[in-house]
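Just the one chain here, laid out as structure tokens, in the form predicted on its own.
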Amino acid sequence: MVQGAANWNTELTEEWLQNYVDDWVAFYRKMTSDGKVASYIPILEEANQNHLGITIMGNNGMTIRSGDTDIPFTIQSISKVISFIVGCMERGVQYMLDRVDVEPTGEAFNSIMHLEMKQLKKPFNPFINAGAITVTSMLEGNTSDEKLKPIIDLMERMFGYRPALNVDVYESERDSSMRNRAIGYYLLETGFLESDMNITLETYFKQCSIEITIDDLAKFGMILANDGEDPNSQEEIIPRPIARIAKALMLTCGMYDASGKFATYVGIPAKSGVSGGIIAVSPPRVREEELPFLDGCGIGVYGPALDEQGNSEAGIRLLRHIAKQWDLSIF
């Protein structure tokens, strides 16, 4: 049985927390059988659905790792957070928000139903595919590599190394993503795109195919938890207003059409991807009792077995458990 709450006032050593997290990962690994790996991108179907890992990086310097933490995977829809941040840094926040809204949809991430039915003047938010493709079209550059460069540049500043494109995943996405091409044609017809559709889609497929680890997600989350500043170097990586908007969007729109439930039951900003990754952000919080990571932390999770909404089945359950035990909720 998974361990319950501890007496956190007296047991906040790294070793003690490690034992608890190890126990929780072992317990929730059993839940991977309830999900299925993504199949609409053929190469993602090759993932081991029993994998489950987590990295927690605190602003206080403590790091907890457990489970399958050494498995590289592609960033997929988590890249939408980075492309939106890059767009805001390049073009300005107001320019971006004039062209992409910040409202949750309640629909699947690859749906354009509301755009068609309500004749909206802009996509609902930058984390659904229609909004993300629109954001990618606004990135500066005349080729896909030029548009992709500032995304990888920002990731290099955060992670400390330059992540690479997984060419096999990129080619699999490029050759199989008929729905995204349909979305692209719709956006082109309605005038949402600001650059050539084929270049925009090529960039979008590439940004989703950048290979990372859960340590990278935890580091990104830690920087967002610290309002865009790397607590290790004290360098501002992301301007504070942009970091805060990104966190707000992650809370309300980051978990596809399960975002409301995640906000209710977990209560922290997060963004998922169909490869099984989740980035979660716990900002600093004030509590009367001593709890783990009160100074804030970033969390990276990998669990490729997905639920019906496209989120990691075991990963969400693990995050929900940790958020409850450590009172991570921002509410």
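Predicted, not measured: the structure shown is a model, and the values here were computed from it. The first residue of the shown sequence is 1; numbering continues from there.
Same protein, other form: the form predicted in complex with 6-diazenyl-5-OXO-L-norleucine (DON), not shown, and the subject of what follows.
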The unique member of N166, N125, N180, T200 whose heavy atoms fall within 4.5 Å of 6-diazenyl-5-OXO-L-norleucine (DON) in the predicted bound form: N180
Heavy atom within 4.5 Å of 6-diazenyl-5-OXO-L-norleucine (DON) in the predicted bound form - residue from F73, F84, Y256, F192: Y256
Output flag, N60, N232 and G298 jointly within 4.5 Å of 6-diazenyl-5-OXO-L-norleucine (DON) in the predicted bound form, heavy atom basis: no
4.5 angstroms heavy atom contact with 6-diazenyl-5-OXO-L-norleucine (DON) in the predicted bound form for S77: yes
Distance check, E173 to 6-diazenyl-5-OXO-L-norleucine (DON) in the predicted bound form, heavy atom within 4.5 Å: yes
Proximity of G273 to 6-diazenyl-5-OXO-L-norleucine (DON) in the predicted bound form, heavy atoms at 4.5 Å: yes
Contact label in the predicted bound form: Y204 to 6-diazenyl-5-OXO-L-norleucine (DON), heavy atom within 4.5 Å: yes
Heavy atom contact within 4.5 Å of 6-diazenyl-5-OXO-L-norleucine (DON) in the predicted bound form, the stretch among 34-42, 47-55, 281-289, 61-69: 34-42
Residues within 4.5 Å of 6-diazenyl-5-OXO-L-norleucine (DON) in the predicted bound form, restricted to 295-323 and counted by heavy atom: G310, N311
